[in-house]
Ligand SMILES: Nc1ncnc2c1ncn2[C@@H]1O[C@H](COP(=O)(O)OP(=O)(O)OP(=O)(O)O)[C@@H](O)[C@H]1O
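Next comes just one chain, in structure tokens: the form predicted alone.
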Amino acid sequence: MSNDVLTVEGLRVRFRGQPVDLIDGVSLSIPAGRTLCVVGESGCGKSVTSLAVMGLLPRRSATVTAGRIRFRGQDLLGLPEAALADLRGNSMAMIFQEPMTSLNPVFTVGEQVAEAVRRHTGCSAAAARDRALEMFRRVRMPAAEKRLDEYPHQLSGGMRQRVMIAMALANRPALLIADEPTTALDVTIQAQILELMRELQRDIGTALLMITHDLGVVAEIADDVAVMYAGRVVESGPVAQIFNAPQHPYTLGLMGSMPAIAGRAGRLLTIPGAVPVPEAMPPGCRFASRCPFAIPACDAQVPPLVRGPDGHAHACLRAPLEDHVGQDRTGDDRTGHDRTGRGAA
């Protein structure tokens, strides 16, 4: 029996007025105790996928048109709203990118964490406050007892994010979704938050879905990686496979554009062109117009996500890319990559 806490199969989401599914056949899975990082540039569908999992898509403008979302074997798409509300904040929790917009400004942070505990456990107000204080101490909140009675505006960005982590983990969820939780934080606080999440995950055994565009964060925390582009997963697999032997041109571009990942002197790579707009979405590979390896078939054929025996999957007709590095669709050497798939010096 699978030990996957979350399984997403062929998820498609369409927004009102759009001619195509902006989330197009996304499939993901996360076993207990492991971390899956979903990476890609802004607008690729990372956050929309997470909101679909949590059942938080705006009902008036977004519709799940196909696919399955299973949480511990339970079909989330078939659950009524009341049942989903019982899961959210209890067995499933989410940390949003900007805590200041997620915390209620008119209640103390201690009240808000205690409310999450009382909502799902039915314990007394005193017991819920004790649990909130325990979680504040676990997330290493400075002067934890004092902070319970402070309001969000009185806390720093790092403290507010610790509040969100404390609230998310207060009921020991089986699944935690973190949507770019360190984006607005300085490097020192970011490192502390990542270490804190790893530590609490080890203690609780939570499956973690981390959404980010920062490959440094991915290298630090991920067990597995899924790379998204224009609403599709174009590559996925163990983090070592993705970093050491990327097999999709978009992943190559991401790697080559990061100085810390490329790890060598010389120019950084850029990805030419722009992400296609919904009104002009290409019928084949959505990356084809920007891809240095593309051939005519890429413009017409949707590449399937092919998974190898090592768990590394890619959606590229030209893979393995090592056979083609150095040539684009015209035969010119414009890729700027060496045979390892990293940026050329």
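Quantities reported herein were computed from a predicted structural model and do not represent experimental measurements. Numbering starts at 1 and runs along the sequence shown.
Although not depicted, the form predicted in complex with the ligand is the subject of the following passage.
Peer 1: In the predicted bound form, do Leu22, Ser42 and Gly45 all reach within 4.5 Å of the ligand through at least one heavy atom apiece?
Peer 2: All three within 4.5 Å in the predicted bound form.
Peer 1: Quick check for you: of 53 to 61, 29 to 37, 282 to 290, 310 to 318, which stretch puts a non-hydrogen atom within 4.5 Å of the ligand in the predicted bound form?
Peer 2: Stretch 53 to 61 is the one.
Peer 1: Considering the ligand in the predicted bound form, which of Glu150, Asp86, Glu220, Glu180 comes within 4.5 Å of it through any heavy atom?
Peer 2: Selected residue: Glu180.
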